[in-house]
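The form predicted on its own is given below as one chain in structure tokens.
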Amino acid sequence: MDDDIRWVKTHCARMDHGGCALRVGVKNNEIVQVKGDPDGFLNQGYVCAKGLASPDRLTHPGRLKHPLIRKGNRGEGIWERISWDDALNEIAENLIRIKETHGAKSVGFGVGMPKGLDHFVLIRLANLFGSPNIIASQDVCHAPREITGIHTCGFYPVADFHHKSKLVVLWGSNITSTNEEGEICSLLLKQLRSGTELIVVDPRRIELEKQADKWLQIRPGTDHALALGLLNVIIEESLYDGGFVEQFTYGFEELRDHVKAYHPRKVSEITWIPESLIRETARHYARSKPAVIQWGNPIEHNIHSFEIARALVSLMAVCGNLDVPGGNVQALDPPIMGLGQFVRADLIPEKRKEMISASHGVIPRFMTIPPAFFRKAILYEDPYPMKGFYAMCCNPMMAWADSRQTYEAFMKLDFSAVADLFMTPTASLADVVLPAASHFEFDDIGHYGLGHGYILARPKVVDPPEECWPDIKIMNELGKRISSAEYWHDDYNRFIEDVLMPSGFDYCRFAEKGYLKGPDSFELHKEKGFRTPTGKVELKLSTAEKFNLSPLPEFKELPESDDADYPYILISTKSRYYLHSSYRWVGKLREKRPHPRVEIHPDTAAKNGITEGGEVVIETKTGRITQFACITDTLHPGVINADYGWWFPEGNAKTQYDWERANYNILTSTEKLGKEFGTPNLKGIGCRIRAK
């Protein structure tokens, strides 16, 4: 009976961006129903298909239930069950062996998308071990926007959907399909219903295009050209916010002269967007007060991500939409423990100098290692040897550019250990595999350290299987073995109380409230200026020469040069039913998207003899894969949109679950990298297609 169901309030989390408040029904330690919480701070009752299906991960028969150690050759899929003590001792002995032989920095600590305290416990683990090398995909996710914002205006300019905007610009953000890091679609949809105007900048005609005043169908990889073209019109027609520009920007005159080269006619040729639409969009954005740009993750997917982010922050600034309600804002945290204190940054003072990235000249304040540099260190010992890897909640074999290079690197490692819920292509190459608990199975805090100005309570809902441990517990116990035990807790839950202590809340009270939010403080620049060397928004970077950066955002070239042998432009988009490489084992979701599909315009399909549902070979200079045709007019005839993250859990561990067959990152390369973040071209790649 329903009367026997116990309802628990929590938030969505692991293997998802999280942020949606949930009401979870529990009976006999099993989740029987998930509903969106109408009182949710971000989602207001909304919940996506992944959230509804997420309990199926807990009871799936393929879930990892015991620690495993490799037997036989790496990648053969032969495992032996061992105890937790033996597993942790095995990992500790190998990491210490590598440290004693090559130094602590020869061990990398990898992280994907936990979005909880475990992310920062991993950094703490690395710091206490003595390694400066946290390996993460931030080069293509979050860091280009966050770090570029910090250099340009002193903070990460997030979209403020909690206050009314006159206009929202969705720039590479398909927010109703793939909600991103706290920018849940509910608040935007509520604004649209009340009259907020919408502009969409996207190579594909997304669902919200139907509600948009304008859709700019941009050529992939030319976002910075478009932003500079908009700046050209806004400045040429004196539509900018003169008061803000005069008082609070540095380098406006140089920017004004610089963008003269980006006449809308020229930008139209680069971006495929009509000149008239570029002019109309510039005027619309400049005259709308306040206007907000919700910039999505795709703008970080090519070697020019720094230039793109710089140009967009400049656009926000000259129109006076920074640090104002309903614009792009500086989100202030509630009173909680600072990240530096939590991860014990003080115990690794030379980290910046010792990181792998230090030899590659990445932008200052970028503190994780791009995967391309990590693999270079494994394969070529540049700038020094990398021999060990401990990873959680990540699947680099699918997620990192150039998957064959990833395979080669992981096969060469002296030792690797992976903690996860399921055996993935990456875990299948490890020496030790640890069974992790799901986010419904332990207490946690969400969105800590993400720069959105709030943290979310994730109370435990059910008990995990006996030998499935939360990542925080795993690392707490491993930390005692590879570093001084004084820095670790008897009970890993103490980490939660550490974070909350400055707020005056204990976890019980925090869970009852659901979230803690920092104060709404806008226009702080009027009192304190901006946290940059000049105290202003740096349209021209004052530190450009010091850090060997371009002083003004510029468009030099496409991500890849046009090549007649590869006449189409390849992009990828994430499915609403999966996140990166996760969830493909969940039956309810796999039924909705059973096969990897590639979107092709009808004219392009006809030209290449491709029919709906037919198998298609997609080929770049790097490799080839097969996916199934979805013929649609939602994209330009010159653009091909392939599915990302595909592997086949129903396959065989001995072949790493057919990791090559449909894997988008077989088609990508690390040959060209952006200097600032080590970002490869994940999109805007030349390709060709044919029916199989």
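Since this is a predicted model, take the numbers as computed values, not measurements. From 1 onward, residues are counted along the sequence shown.
The next section is about a form of this same protein that is not shown, the form predicted in complex with a small molecule.
- Checking A126, V140, V313, I600 for any heavy atom within 4.5 Å of the small molecule in the predicted bound form turns up a single hit: V140.
- Listed residues L347, M367, I206, I96 were compared with the small molecule in the predicted bound form; I206 is the one with a heavy atom within 4.5 Å.
- Note on the interface: of 66 to 74, 658 to 666, 623 to 631, 24 to 32, the segment with non-hydrogen atoms within 4.5 angstroms of the small molecule in the predicted bound form is 658 to 666.
- Proximity of Q405 to the small molecule in the predicted bound form: non-hydrogen atoms within 4.5 Å are absent; the residue sits far from the partner.
- Proximity of S173 to the small molecule in the predicted bound form: non-hydrogen atoms within 4.5 Å are present.
- For the chain shown alone, E307 is not a contact residue for the small molecule in the predicted bound form, no non-hydrogen atom being within 4.5 angstroms.
- Although the partner is absent here, L682 lies within 4.5 Å of the small molecule in the predicted bound form, judged by heavy atoms.
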